[in-house]
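Taking the form predicted alone, here's one chain by itself in structure tokens.
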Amino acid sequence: MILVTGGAGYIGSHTVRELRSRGADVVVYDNLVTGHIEAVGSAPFVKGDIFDKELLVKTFAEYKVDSVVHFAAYSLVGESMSDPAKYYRNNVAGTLSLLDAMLEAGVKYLVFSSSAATYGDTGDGLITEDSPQRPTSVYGQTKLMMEQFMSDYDKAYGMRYVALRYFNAAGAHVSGEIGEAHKPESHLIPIILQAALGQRSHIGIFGDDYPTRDGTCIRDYIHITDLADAHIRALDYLKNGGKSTYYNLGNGEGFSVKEVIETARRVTGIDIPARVEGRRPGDPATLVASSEKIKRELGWKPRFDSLDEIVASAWKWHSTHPHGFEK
């Protein structure tokens, strides 16, 4: 049995759906502070906090859990800069609580939702797993600290892990039944689509004076189902005797904010208004992944590798669920 923390959230719920479609036994563990019970579907669900070590240990025993996929964390870069205490408390201390519960229960395998934010601003080249990790945001710093915890727990206690450093998760399930629903929304593609739906007056572009081809930040977008597939491959790798490691997850191609807006205009057929605003603290100019390591070692390959496909799947969800999971 696999326990998925944060399994009612955006990435977690898509991973749960993908796991179950492949016959895996899954239990979702989520406090529903940012997650949605509607996204869980028919998977067994435990409402709980990762600080509740007693409930975690009880859940591990009740469901005979042998592995964990860990998504439970706050993830807003801007908020992490204005309220670092919230991020260190939840992301760092919360992960320590989870690791201690796993240790007590004898659960040895962990796949962890890390982030490209651990690298910070590395310049224009493709980021590899060996690129320096110098986070420019508190959020990125918390993810780096969480990776360090796992490395130390592996060395001391033999708890094996895979840290997946992903770039910009985007898109929605091909069925259109689940997708991205955050309050407040902070990710570029859903914000653009909210503007397309008339829920925002315009899309704000945070700075157009970066050292990039059109002055706006460049990011690597990866479809949510491709992310889910990587988590499953990482779990299989660990259970087949693989050693602890880390992988980048991205498409290997970067798109600027202006290019994403143009793609959304093309996909939706709507002339989405955009306005340049001031830079946002903690935003690197360029983040593009080299995913050669996971392709080579785990055979992973993105199926949804065009930005048009990614945006189209997101539009299918947002246009039919304009208020997310709310009725």
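All residue numbers refer to positions in the sequence shown, first residue = 1. Being a predicted model, the structure only gives us computed values, none of them experimental.
The same protein also has a form predicted in complex with a small molecule, omitted here; what follows describes it.
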Listed range touching the small molecule, judged in the predicted bound form by heavy atoms within 4.5 Å, from 198-206, 146-154, 102-110, 233-241: 198-206
May I ask you to choose, among His187, Arg213, Arg134, Lys86, the residue with a heavy atom within 4.5 Å of the small molecule in the predicted bound form? His187
Please identify the residue among Leu193, Ala116, Ala172, Leu98 with any heavy atom within 4.5 Å of the small molecule in the predicted bound form. Ala116
Could you confirm whether Thr225 comes within 4.5 Å of the small molecule in the predicted bound form, counting heavy atoms only? no
Asp66 within 4.5 Å of the small molecule in the predicted bound form, heavy atoms: no
Even though the partner isn't displayed, in the predicted bound form is Asn168 close enough to the small molecule, meaning a heavy atom within 4.5 Å? yes
Do Cys217 and the small molecule share at least one heavy atom pair within 4.5 Å in the predicted bound form? yes
